[in-house]
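The chain below stands alone and is given as structure tokens, in the form predicted alone.
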């Protein structure tokens, strides 16, 4: 078969001849990039669509679903191309960690823990991440902290006595609170009126603000063409706020990791014994504090943002479709799971958390289908990239056809676009069909919310479990209805996909 030759990098000047819709992405709002990619994927006849996020960073959007899996599984495409603002944040984070320890900063190109590291650092960190995130003891340990944080959130909502709650804001804080318990074994008291943990010198309100500041900065600058060093020289007000936020994250991480290490060294482990930082510190003595913190930074940042947004999107879709009232199947499942969950305020040690874990994983097909449909429409990682490692003049990808791609070709893959492909999902690809995944045992190859291959998300299984626990707990203890100001579910792209509008709800309490 004769190869179909495709030139992935037409060069800057030739790039200007791209259609206005493609070139306009440089001028459009960054949060709308995912919708631009969907439009290009649906309206182009090419398998690879040239795209300019900015004129200095040309990429190819991989449209052909049949090519995405071979590319993502290919060892030549295991490197992830970074974003300058992300590189700047990691650079600053690692620098602050070292300065707080009183040592000279150790900086390299692979400072990104798991998500943005490449090469041998990535292989090592990913291997560690996979082991700890799927450790049976950690999974069982995680159930109580997730339920406890959800109870604390519900109690805070009760005390606030609001008529209408912006539930997405509460769930965003819940994500941070859960991560504090799971990563460091520490109650950050996010929902307490006095949020300062005096014993550990941690201001939880400031920590929550720092995480939000970092995510807002990423949203604004993610697709800007400036190199990472630009942000060190030209300090806008938002970059100055970002610098302060990153320092606070490094300081908080240092305090909490030191606490975990001291408890391990003194043989005084209590609630922290199965938290992620303890597992990593005990089992990987070859890692120094900076390397551990880089991994934990990923788990804290990505883990908080992705799960919180998954819960918010799913809850918004459930409310929009009135499923809590109209679906008998969902009502029966909520009742069945509620029977195995502890009653409010009773998460004692004698609870069989392993049974709760196994029952929810195996016996919640309705919520599983709803979560998958939510991920199809609103995948949290709406866009990701890969860059070839091959140094030869041409490189052949074997899919439906043969394509010759130049070395260092940057490919853009959009689970948002594949999840809404008319060819794969039919004419109603944009519609929320909550039971779609019950009817289709085999998920189409177009469903890739966690990626594919060795670089797929290590926390996919855990994220689903956490989302189920939070939602089932909410449905067990609360009656939730949408307010009249509720708007149809929509999204914008930040570091991950998030809801475009607040989710206003009215809440009654069952216990």
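Residue numbers count along the first chain shown, from 1. Note that the coordinates shown come from a computational prediction; the quantities given were computed from them, not determined experimentally.
Only in words, not in the display: the form predicted in complex with a small molecule, which the text now covers.
With respect to the small molecule in the predicted bound form, the three residues 175, 315 and 472 uniformly fall beyond 4.5 angstroms at the level of their nearest heavy atom. A heavy atom within 4.5 Å of the small molecule in the predicted bound form is found for one listed residue only; from 377, 133, 167, 367, this is 133. Interface residue among 452, 480, 67, 477 relative to the small molecule in the predicted bound form, by the heavy atom within 4.5 Å criterion: 452. The shortest heavy atom separation between residue 115 and the small molecule in the predicted bound form is within 4.5 Å.
The small molecule is not drawn, but in the predicted bound form it has no heavy atom within 4.5 Å of residue 281. For residue 226, no non-hydrogen atom is located within 4.5 Å of the small molecule in the predicted bound form, even though that partner is not displayed.
Proximity of residue 462 to the small molecule in the predicted bound form: non-hydrogen atoms within 4.5 Å are present.
Contact with the small molecule in the predicted bound form, defined as any heavy atom within 4.5 Å, is confined among 206 to 214, 305 to 313, 323 to 331, 226 to 234 to 305 to 313.
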